[in-house]
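This document contains two forms of one protein chain, each encoded as structure tokens and listed individually as structure 1 and structure 2.
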Structure 1
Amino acid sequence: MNINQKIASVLLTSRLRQLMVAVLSVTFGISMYVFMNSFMAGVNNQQTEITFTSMAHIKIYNDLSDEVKPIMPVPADTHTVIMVNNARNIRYTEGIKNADGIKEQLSTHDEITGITAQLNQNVFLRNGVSKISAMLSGVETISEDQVFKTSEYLVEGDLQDLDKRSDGIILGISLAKGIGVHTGDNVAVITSDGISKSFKVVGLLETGASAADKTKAIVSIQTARQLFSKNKSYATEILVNIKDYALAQKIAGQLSSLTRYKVEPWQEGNSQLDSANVLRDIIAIAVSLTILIVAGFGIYNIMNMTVNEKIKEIAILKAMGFNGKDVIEIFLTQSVVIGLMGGLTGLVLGRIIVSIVDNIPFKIATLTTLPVEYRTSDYLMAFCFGIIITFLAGYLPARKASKIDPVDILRG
């Protein structure tokens, strides 16, 4: 060490209690920064995962404009006025007629990780006198599991049972409770056309998304096509997952050239989810930075007190030939050492806190503990912010000390 660093070492070790308080303030700030960002990232990721258990990154469906069917030919005579009362809008096409062909085209895109077709219709479920509305989804079990990981959210039964028996149905757990059925019971499905068919409950589903668990009913897509009298390649939606869900808008624009149907990224209809994630991140960063800034003020106060206490010693040093830069180096060395010590211990403490939170029991959907994320970037950012704030907290008192006039101090 040079002479300036030796003097800084003496000033640090002469007041161990002040040193410990300063180090602990940095330690607490950095550990809270790590914890807050890790926890918020875990909450955001889990919220997104729960949302995407029933919603794909990109949805393709029939959104053709309504067409008005002419009631009578338009006369050539432009002076003739035709009055039409209570006109009807008629949609000539509904659903997707050639879902298999579109899926084959989409499968060539490199960013796509999963494709599945669904046939979704509103129905009524009846169990004795109990009757409740539900959304019946005909699914391709293998690709459905690939896109939504549905099998992970089954609390009872097996998704493949839907392919083994044409009368098998899986219900959301809240829907099953609402209608009073359990696995192995029979339930009647009634379509909007009045067609009724009996199904056996072969499984229960719990995604954690209450809206889906209260309304979701799943059968195989072949069974759904038979129930609604549709052709073997008919679907109401084609659902696509990609490698990075944040790029859904960009990929949707590329896929729109492959089909005449509507290609909709998840952000278009669920912007509130994206906004909520951003807002939670902003809150986490704001709170954690505030904690670090408060810790910086604590270091500033301690360094300022040190300058005031050592005012005569500083004057003697300057009288001996030390210049302002030397004084700044002495006090900045102290603040940087405090920042390094507090930063390293803060990272360790933050990691311990995150590990403890990660083991706190919390049951929802597939979760068994509170969600956290272990991201290296959080630790690097916490350490960098801690060093920057302690540097600034030490620079201001150091700059003040460098401007001391030794003659005025020594004269008293």
Structure 2
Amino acid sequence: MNINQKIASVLLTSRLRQLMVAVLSVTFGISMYVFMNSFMAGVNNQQTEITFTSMAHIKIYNDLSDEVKPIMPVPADTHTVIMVNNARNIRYTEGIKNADGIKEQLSTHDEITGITAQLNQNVFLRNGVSKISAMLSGVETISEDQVFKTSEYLVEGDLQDLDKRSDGIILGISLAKGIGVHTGDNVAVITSDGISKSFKVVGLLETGASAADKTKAIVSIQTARQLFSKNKSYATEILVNIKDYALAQKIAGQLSSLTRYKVEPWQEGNSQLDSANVLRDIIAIAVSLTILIVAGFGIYNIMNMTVNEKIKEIAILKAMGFNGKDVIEIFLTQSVVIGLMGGLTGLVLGRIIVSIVDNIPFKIATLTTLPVEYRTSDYLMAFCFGIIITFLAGYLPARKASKIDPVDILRG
């Protein structure tokens, strides 16, 4: 410990009550920062998770091209007029014919964590007289589970059962209620072509996203292909999950060069989800920074008072040969120590608050407790901001102290 630090520590410990108030204000600021950001991250994660139970990061499908090709070449001479009324954009191919080939091709990309193919069609479900429209999803059970974690949202039954019996079907929980069937009951699926087939309900799905819970019906993809009489490798879409969903746009760009089908990142058409996440993050940062800045004013105030109280001591030190820089060091050391002590206790307190919140019951949708995230980066950022703010708050009074003219004070 050098002489300036020693002086700082003596000055700091001579007023323990003030020291404690200053430390506590930092503690409070930092713990709030940690709490706010952990909580918001938890909410964001929860939202994203629900979103991605029914939506993959990237979707590949056969898009109807929006540019209508001219039916006849435009004539070179100006005397001929072509009149085509009501031109139709005809889709010659429907869906993806060789889904397996594309899946294999994509699997070489190392950002990809899961690929699954789906065959989706609108159908009607009928149980006796009640009839309801539904979205029938033919899925590859194993990779489907990797991408959507579907089995986590099954309240009854098992996803693998779909492979075991070709007439098995899993229904969204509200859908099942809507037509009054339970696990074990039979239900008829009627396609738009009028084909009807009877299925046995083997499970129920509850994702928390009501649109999915109200419409979704899952069968195995082979069953779906049979039902719609499609070839072996047919799918309507290929769904891809990647390591970091925020990068979906970039990776979709890379993938689109591998296939002639439309490659669509999740943000396209879901910007409301994206913007909600960003807005929540902004609120969290704004609120927590405000708290930290208020704590900074607290420190500024206390350090200012200390400088005024110790003005005579500062004059003596300067008279003995301590220069302006030494005085700045002495007072800055005090605020940095306050920052460090408040910062560390703030991190601990923040961690405690977060785990308390993590255990507060909150039974809505699939939640059981309030959602929080444990991210090291939140703690690091809180600590850095805390130190920066105490440093700034301490610097101004310290600079004022360094400018004190000793004669003015000592002449009395």
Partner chain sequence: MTALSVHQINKYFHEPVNFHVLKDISFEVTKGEFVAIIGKSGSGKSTLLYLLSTMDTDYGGSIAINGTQVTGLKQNQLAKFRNEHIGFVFQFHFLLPEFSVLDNVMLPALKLKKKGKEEIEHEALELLSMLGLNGQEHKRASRISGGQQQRVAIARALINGPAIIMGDEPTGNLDSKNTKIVFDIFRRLAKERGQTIIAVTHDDEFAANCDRIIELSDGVLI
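FYI, numbering is relative to structure 1, first residue = 1. In this text, rigid core is short for the largest set of C-alphas that superpose within 1.5 Å between two forms. Just so you know, these numbers come straight off a predicted model, no measurement behind them.
Remark: the form predicted in complex with the partner chain is the source of structure 2; structure 1 originates elsewhere.
Considering the motion between structure 1 and structure 2, the entry in 277, 111, 313, 100 that lies on the hinge linking the two rigid parts is 277. When the larger rigid part is held fixed by C-alpha fitting, the smaller one turns through 13 degrees between structure 1 and structure 2. For residue 347, the displacement of the CA atom between structure 1 and structure 2, after superposition on the rigid core, amounts to 3.3 Å. Once the rigid core is matched between structure 1 and structure 2, the CA atom of residue 295 is found 4.6 Å away.
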